[in-house]
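Read the single chain below, which is given as structure tokens and is the form predicted alone.
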């Protein structure tokens, strides 16, 4: 019998963080808009119909807006906007906690409050699922992806984006060094992020076909670390770890952390960089029509012939 995955994140606190961030989210949504525009652009290259789609982390409707100006808009029929935070959903229009399966207006999408760890959708009921900058707060990521795959019809598409391992590396290093120096020990102040290298493997473990992953590394320049921390609060991306440090950061620790940040990472103009790594994955619910990898030894042409080179035998040591 397999044990349940450890609880890394406090989902209730995560929702409260998003609720608190909702009023100022539009002022710090640059990463979210970037991920939404990228997802819409990816869909534009896929020439097929998606009659029913769900945006699992709609926030203030950035994906719906990006989709509306994309060539893919004509191929996405109805879009259900969902989010863990009802206050976030209210930013994009009326809030409706129920799904109605008839008379769905794609121009005025339904809105649904849900937890991505417990999806309410029927098996094989959706054609497209999108999740933007939310998966890095999921406790059982593979389990959540399995739920997404089961909710998709055969040959349905999943597009997901989450923050990867290099995100906020400068802030994390500075806080750990400062707290260790001032207090003699450091607590968990910045959430760990999944390694982007393993992203396609996560989709494979969840049963997706043709998994693809790539990384978009963004460096944002700030006048000082306080501006960065204000943006993180406005994004709803502040610490929601179950084992987070419970003692607040004192002024001496913060002051030393800001000094270390400037010393180690400061730019010539006096500003400081903050790294954000956006990992984007795509995967398809399995279907018999999809291309399958060839079995070993079944190739019809030698690699050397395809490359136009001469094959040489291996020389034993």
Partner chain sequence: MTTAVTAEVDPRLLEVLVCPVTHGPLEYDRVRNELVSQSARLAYPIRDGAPVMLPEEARSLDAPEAPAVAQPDFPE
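Residue numbers count along the first chain shown, from 1. What you see is a predicted model; the values in this text were computed from it and never measured.
There is another form of the same protein, the form predicted together with its partner chain; it is not shown, and what comes next is about it.
TODO: Counting non-hydrogen atoms within 4.5 angstroms of its partner chain in the predicted bound form, say which of 228, 213, 119, 141 makes the cut.
DONE: Looking at the other structure, the residue within range turns out to be 119.
- [ ] Tell me, out of 209, 177, 114, 220, which residue has a non-hydrogen atom within 4.5 angstroms of its partner chain in the predicted bound form.
- [x] When its partner chain is considered in the predicted bound form, the option within 4.5 Å is 114.
Open item on the list: Counting any heavy atom within 4.5 Å as contact, can you tell me which stretch out of 156 to 164, 230 to 238, 131 to 139, 79 to 87 lines its partner chain in the predicted bound form?
Closed with: That would be stretch 79 to 87.
Open item on the list: Is it the case in the predicted bound form that 40, 75 and 200 each bring at least one heavy atom within 4.5 Å of its partner chain?
Closed with: No, none of 40, 75 and 200 comes within 4.5 Å of its partner chain in the predicted bound form.
Open item on the list: Does any part of residue 110 reach within 4.5 Å of its partner chain in the predicted bound form? Heavy atoms only, please.
Closed with: Yes - in the predicted bound form, heavy atoms of residue 110 and its partner chain come within 4.5 Å of each other.
Open item on the list: Considering non-hydrogen atoms and a 4.5 Å limit, does its partner chain approach residue 125 in the predicted bound form?
Closed with: Flag for residue 125 set to yes.
Open item on the list: So, residue 52 and its partner chain: in the predicted bound form, are they within 4.5 Å at any heavy atom pair?
Closed with: Result yes; residue 52 sits at the interface with its partner chain in the predicted bound form.
Open item on the list: So, residue 14 and its partner chain: in the predicted bound form, are they within 4.5 Å at any heavy atom pair?
Closed with: Contact check for residue 14: no, nothing within 4.5 Å of its partner chain in the predicted bound form.
- [ ] Could you list the residues in 202 to 225 that come within 4.5 Å of its partner chain in the predicted bound form, counting only heavy atoms and keeping sequence order?
- [x] Heavy-atom contacts to its partner chain in the predicted bound form: nothing from 202 to 225.
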